[in-house]
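Listed next as structure tokens is one chain, alone, in the form predicted on its own.
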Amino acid sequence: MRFLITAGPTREPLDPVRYLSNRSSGRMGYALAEAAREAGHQVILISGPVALPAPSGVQTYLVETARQMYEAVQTHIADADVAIFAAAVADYRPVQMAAQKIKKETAALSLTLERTEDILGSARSVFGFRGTLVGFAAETENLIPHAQEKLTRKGCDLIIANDVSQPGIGFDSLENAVTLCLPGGQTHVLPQQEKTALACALLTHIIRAAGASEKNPPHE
């Protein structure tokens, strides 16, 4: 099959030297790309800024902002059978980027932010993607209710949820533990393990979901 995978954070510039971002390392998305490639699938990886080498045998596109990632996904998603959105895309960006470095001249500084593009939410409604859609939900509370709501609202076949408030897993870690949320309220827990091993386990479930979605294509 043909996989499209997003990975890493995005950076939303405040001025020429500062940006808004998050702690995503990109390791989970990159591990999924490598697992899919090793299983014999074609892989397109769209990556935000990370300190990881591009996976061998994977067609990799590097982006920085949420808008750039949105445009790259829009360009390539039509070629995919499975789309996995593992990137931690910034939810907000500054309305205006300062042309010069912002100086420390006042006791407080206020920023006006606007919503970034909803990449996962656009997959069905804007891009017209009809394949298997997989999202991630990084939460700090109410993990399963938030993930199940996201699954329904964004038209996913599978949401991979993880509690990033737990020490030793998630962002900045070599390990993760996740709960798979499927339509109908079904869940499946994958215990803490290295992200490379977890990626292989996730790929098995994603391919299974792909088989199910072929039998039950998403509705308009």
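Just so it is clear, the model here is predicted, and its values are computed rather than measured. Counting begins at 1, following the sequence as shown.
Just so you know, the form predicted together with a small molecule exists too; it's not on screen, but the next bit is about it.
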Looking at 27-35, 184-192, 149-157, 48-56, which lies within 4.5 angstroms of the small molecule in the predicted complex, counting heavy atoms?
-> 149-157
State the residue from 143, 80, 72, 90 whose non-hydrogen atoms include one within 4.5 Å of the small molecule in the predicted complex.
-> 90
Taking heavy atoms only, is residue 119 within 4.5 angstroms of the small molecule in the predicted complex?
-> yes
Find out whether any non-hydrogen atom of residue 135 is located within 4.5 angstroms of the small molecule in the predicted complex, and reply yes or no.
-> yes
